[in-house]
Ligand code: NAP
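A single chain, nothing else alongside it, follows as structure tokens in the form predicted alone.
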Amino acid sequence: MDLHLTNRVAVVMAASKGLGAATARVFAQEGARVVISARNAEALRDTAQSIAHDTGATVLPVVADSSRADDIVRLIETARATFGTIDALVVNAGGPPSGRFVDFDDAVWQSAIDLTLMSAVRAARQAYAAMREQKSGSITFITSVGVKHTLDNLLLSNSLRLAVVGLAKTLSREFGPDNIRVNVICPGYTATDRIISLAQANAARNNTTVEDELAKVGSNVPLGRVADPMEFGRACVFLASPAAGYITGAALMVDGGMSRVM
């Protein structure tokens, strides 16, 4: 399928590794010009070089922290100044700390709000200004399977990612007249660095292998395994692309059937 992304401009936040990097790589494979951001300059540069080398695409790294308002403004302004437009924005950020209600004071809540909710608000605000002028574009928020059913010990994520879903659904209606689509994509267990590092720690503690520990995680998924990040990336890029031109206000599950609700 032609996703109609050749020479389009895609911005992917928090893309030095994991889901963001996989999504950026698929955009590049599909012919888009890609802007990626992350806090770690070295890791970001290495990812940009790797994607550009493997795909031949133009990949622009911009060091930016998703939780900082000024950084988000600079990211979007840099993308527009360099390429003249933004056709697709994928809003991503690292997850807030795990824990229970009694574990968090106001300072932790505020930090999590800036990272998870306000990053989405600020990025959408900046991208909308560009997309409204051209009367086209897409905004895709990466959330979690936890927006469909709450996950134990992830109070902050469960609370704030649901707020992002409410934001996205509302924006899909407000932005629709300007031909701007707004969607949510919800990953389940995926073999990112975080999941693999947890599997390594469990393997050391349980005297097993990383493969054994990943298999345990996958046993709770109907497809019987964790996802490869590129599987998520392909789904995300499709949703963000013109090929999905009549999909807006949707929440796409990429969880191997893990969630028990539609």
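Predicted, not measured: the structure shown is a model, and the values here were computed from it. Throughout, we count residues from 1 along the sequence that is shown.
Same protein, other form: the form predicted together with the named molecule, not shown, and the subject of what follows.
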4.5 angstroms heavy atom contact with the named molecule in the predicted bound form for residue 161 = yes
Contact of residue 194 with the named molecule in the predicted bound form (heavy atom, 4.5 Å) = yes
Looking at the partner-bound form in the predicted bound form, is residue 206 within 4.5 Å of the named molecule by any heavy atom?
-> no
Heavy atom to heavy atom, is residue 50 within 4.5 Å of the named molecule in the predicted bound form?
-> no
Tell me, out of 76, 168, 131, 142, which residue has a non-hydrogen atom within 4.5 angstroms of the named molecule in the predicted bound form.
-> 142
Proximity to the named molecule in the predicted bound form (heavy atom, within 4.5 Å), stretch among 208-216, 25-33, 58-66, 233-241 | 58-66
Are all three residues 89, 121 and 124 in contact with the named molecule in the predicted bound form, where contact means a non-hydrogen atom within 4.5 Å?
-> no
Sequence order please: the residues of 177-192 with a heavy atom within 4.5 Å of the named molecule in the predicted bound form.
-> 187, 188, 189, 190, 192
